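Listed next as structure tokens is one chain, alone, in the form predicted alone.
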């Protein structure tokens, strides 16, 4: 019996170096960059000069008088809400359609996940080619008489915002589909059989049985979808380059543009801290709300 505590202490002792290394890596790659960015945000640092001065909260108060930041925040909010909503609704619908054990459905499930495997740059390049004046969408619409003239999809603020939402939702729907399909596997068949016996139709079975059982999958998809949309950068950089007239700037894109494009690294760092706090707050609130739904099952 005395050997058990000794073995346990030995096992814990073996884990100590791993824990120390993990803590060191977390500090190096997460805590230190955040601390360095927070420190830089309190200065007037710029890339075109070697010296910098401490300015306190001046960069943060500057945000209230930055008109471009307001437009950027509005665009980010619109894209985040629309993409999260569309990708989750689409993910549930595709998961329901592909929830079949037949061999051909397995192939279709694999194909449905391909958009998630592709990088954001590849996805944006594909859709930019389709949204082009002579791209697949305009060419097909003109060929079948659906349009009289080609549409400049990326030429106006409204159309560019629509195109961004379509592109991001197409990519994120694939992830939601896989997560919801995994959630459907956890729905007890007995509950569905009992609902059928009680005379519940497909719609009632979905809202009274399937949808409540998908609560954990919903939490995962919504929270990760919100985080992904808030830090959206790569797709915008390729698809619209923030245009037209800076109308499709996300917060992440604006941070990069200010810090590296304009060279205002101090103000860019402050914007980065704002994005960090906003993302953490939104994900924490969404997680708390959705977790309550899970506990009520």
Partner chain sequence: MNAKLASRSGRLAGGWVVTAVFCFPIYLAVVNAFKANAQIKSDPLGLPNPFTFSNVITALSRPDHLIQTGLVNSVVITSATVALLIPLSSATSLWLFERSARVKGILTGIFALGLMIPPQVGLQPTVQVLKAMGLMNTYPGLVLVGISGGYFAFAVFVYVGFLHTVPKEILDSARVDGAGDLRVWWSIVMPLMRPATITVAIFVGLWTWNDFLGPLIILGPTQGQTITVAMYLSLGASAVSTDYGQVYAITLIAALIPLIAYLFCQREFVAGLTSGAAKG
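Numbering follows the first chain given and starts at 1. Because the structure is predicted, anything quoted here is derived from the model rather than measured.
There is also a form predicted in complex with the partner chain; it is not shown, and the following applies to it.
When the partner chain is considered in the predicted bound form, residue 214 lies well away from it, no heavy atom lying within 4.5 Å. Although the partner is absent from this view, residue 54 stays clear of the partner chain in the predicted bound form, with no non-hydrogen atom inside 4.5 angstroms.
Though the partner is left out of this view, residue 192 does not reach within 4.5 Å of the partner chain in the predicted bound form, counting heavy atoms only.
The shortest heavy atom separation between residue 63 and the partner chain in the predicted bound form exceeds 4.5 Å.
Annotated contact segment (heavy atom within 4.5 Å of the partner chain in the predicted bound form): 105 to 113, selected among 206 to 214, 192 to 200, 78 to 86, 105 to 113. If you take 122 to 136 and check each residue for a heavy atom within 4.5 Å of the partner chain in the predicted bound form, you get 122, 125, 126, 127, 128, 129, 130, 132, 134, 135, 136, in sequence order.
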